[in-house]
Structure formats: C-alpha cells, structure tokens
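What follows is a single chain, given as structure tokens, in the form predicted on its own.
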C-alpha cells in the first residue's frame, strides 16, 4: 500500500508541475501503475517538432524496483530500440543503479535529456550510435525522417503498451545488434 501512496503522490506532483514539454495521464483511471506521457521533441534537437508517446510502468514494489519506460512512438535513437518495443537504455533505470529515492519526474527529465544529447557510448542500437559519432548530419536526417513518419500525428500508446507489459521486469528483449533493453 505504501507503493500506491508514493505513486499517487508522484502522479499528483508530476501532473501539477510536469517536466518541460510533457503532459501526463493515466492509461486507465483505475491503474496508477501505468502512465502515458506525451513528450514534445526538444527545441534544437533532431526531434524538434515531434510528439512522442512514452509509457511508464511502475512495478508493485516501486520505489524499490525501477519503473519500465518505453517509447510508444517509433524513434531513431542510439539508446532506444529501433522496433515497436521502444525499450530505452538509461543508466538510472539499471537495477544496480536505481535508488528508491529517485522520482518519476527525474526519470522523465533524463529521458528528455537523452533526446537532446544521446549517449552513443551505451547504445541499444550500435549502428545508429556509430552513425551519431561518425556522421552527425546523416544521423540528424534519419532522426528527422522518423519524426516526420512517426511523430507528427496524434500520439497513440497502443504499439508499445503490450510490450511494456511484457517487459514488466525491466529486462526487455533488446535488439538484433545485441543491445540490452531498459537499463542496458
């Protein structure tokens, strides 16, 4: 029950004062463990002008276990699987680095920061990371093409919703390049 209280408080705090460029709703009014986040692509990034759906799944033993965060919107990014699961590699979500004092708002801010400055040294998509390092102009073109193809209409949360549930342990499937999901 303490988990439910903490989640409800964090939801109220995030809803009252959401991170920049984000709006937060529950996937279902009866389930505080699954949040839908709409993230506007940060100005000045390759993702500017896009609107991305994120799904935050909070385990029943949150905050002692990290949330599972996935992109519902396809995105061209070295730290996000280039598939419908949208698994994210973010250091603070790694089970060995997670701290119960970390709040969802901090996680959301870290995801947004990852769009501003990808981390090619800890990729889920090695090819995209290599392109980001070696040919930034080509990376930016490809990222903008994905924005135009996948992130310009209304945000939908169905594509990764099932994957977010399936990856509830925070150890998603990774990608064909050998990457590891969630906290890679």
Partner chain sequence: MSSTAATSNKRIIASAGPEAAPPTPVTTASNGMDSEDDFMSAVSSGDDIQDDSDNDDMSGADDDFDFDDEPDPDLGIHKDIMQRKKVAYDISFKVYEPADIQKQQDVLIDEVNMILDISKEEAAILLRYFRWNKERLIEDYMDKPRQVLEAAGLAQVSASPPKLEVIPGFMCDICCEDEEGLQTFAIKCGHRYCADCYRHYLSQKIKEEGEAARIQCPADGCNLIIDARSLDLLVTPELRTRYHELLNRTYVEDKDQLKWCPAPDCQNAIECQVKKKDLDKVVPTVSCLCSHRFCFGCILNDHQPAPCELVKRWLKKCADDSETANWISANTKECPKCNSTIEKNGGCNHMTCRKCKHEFCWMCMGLWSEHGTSWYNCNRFEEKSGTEARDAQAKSRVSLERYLHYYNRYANHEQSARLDKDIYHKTEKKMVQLQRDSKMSWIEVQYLNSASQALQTCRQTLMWTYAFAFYLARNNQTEMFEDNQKDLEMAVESLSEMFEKPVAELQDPKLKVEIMDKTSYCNKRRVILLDDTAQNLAEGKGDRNLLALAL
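Not measured: the values here are computed from a predicted model. Residue numbers count along the first chain shown, from 1.
The following text describes the form predicted together with the partner chain, which does not appear among the structures shown.
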Whether 119, 126 and 132 all lie within 4.5 angstroms of the partner chain in the model of the complex by heavy atom: no
Residue contact check: residue 53 to the partner chain in the model of the complex, 4.5 Å heavy atom: no
Distance check, residue 61 to the partner chain in the model of the complex, heavy atom within 4.5 Å: yes
The partner chain contact at residue 65 in the model of the complex, heavy atom, 4.5 Å: yes
Within 89-105, the residues that have a heavy atom no more than 4.5 Å from the partner chain in the model of the complex: 95, 96, 98, 99, 100, 101, 102, 103
